[in-house]
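Taking the form predicted on its own, here's one chain by itself in structure tokens.
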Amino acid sequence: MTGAKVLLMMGCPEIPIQTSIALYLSHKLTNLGFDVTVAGTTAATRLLKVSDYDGHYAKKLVDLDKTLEDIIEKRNDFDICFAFMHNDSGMTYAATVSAISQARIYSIVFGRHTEELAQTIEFDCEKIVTQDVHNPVRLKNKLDKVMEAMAR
């Protein structure tokens, strides 16, 4: 699946591990040969821009609402989507992409209410769930296994 178009979709950056995992995932997938776009809310993209000022890890950083509009209007689409979610709005963004895109969706559910949130997912996706808020290592390890499988 190398060369596939991947969307990393970030909502509210309230939970600290989202930014580090987004940068990590973008960099790893790019190095595996995927075409990675990171889309986020204004706050999420500002955090990434400050954290990765020269764009070494998140090479394509775009506005989430504009990206959704482009998918709806058939100007763009993706093969794979990693949807970060720690609250209902993250769930809504992922459900929207599920309805408008042909992308295979990986729901990255993290934060304080992961089990409850993961149980409410009603669209087809692979769930990657961890209750972590500050320490990204467990989520990183789970994503490494997903990327290993994708690279085959």
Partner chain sequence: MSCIEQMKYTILLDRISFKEAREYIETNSDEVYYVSPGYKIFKDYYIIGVPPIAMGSKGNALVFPYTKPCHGSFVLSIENEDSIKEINRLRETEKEKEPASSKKDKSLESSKASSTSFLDMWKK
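The model shown is predicted, which means the values in this text are computed figures rather than measured ones. Residue numbers count along the first chain shown, from 1.
Another form exists, predicted in complex with the partner chain; not displayed. Remarks below refer to it.
Remark: residue 50 does not count among the residues lining the partner chain in the predicted bound form, judged by a heavy atom distance of 4.5 Å or less. Contact between residue 114 and the partner chain in the predicted bound form is not found at the 4.5 Å heavy atom cutoff.
In the predicted bound form, none of the heavy atoms of residue 126 sits within 4.5 Å of a heavy atom of the partner chain. Although the partner is absent here, residue 106 is not a contact residue: none of its heavy atoms lies within 4.5 angstroms of the partner chain in the predicted bound form. Each of 13, 88 and 95 places at least one heavy atom within 4.5 Å of the partner chain in the predicted bound form. Residue in contact with the partner chain in the predicted bound form (any heavy atom within 4.5 Å), chosen from 62, 32, 118, 68: 68. Taking the partner chain as it sits in the predicted bound form, the stretch 38-53 comes within 4.5 angstroms of it through a non-hydrogen atom at just one residue, 41.
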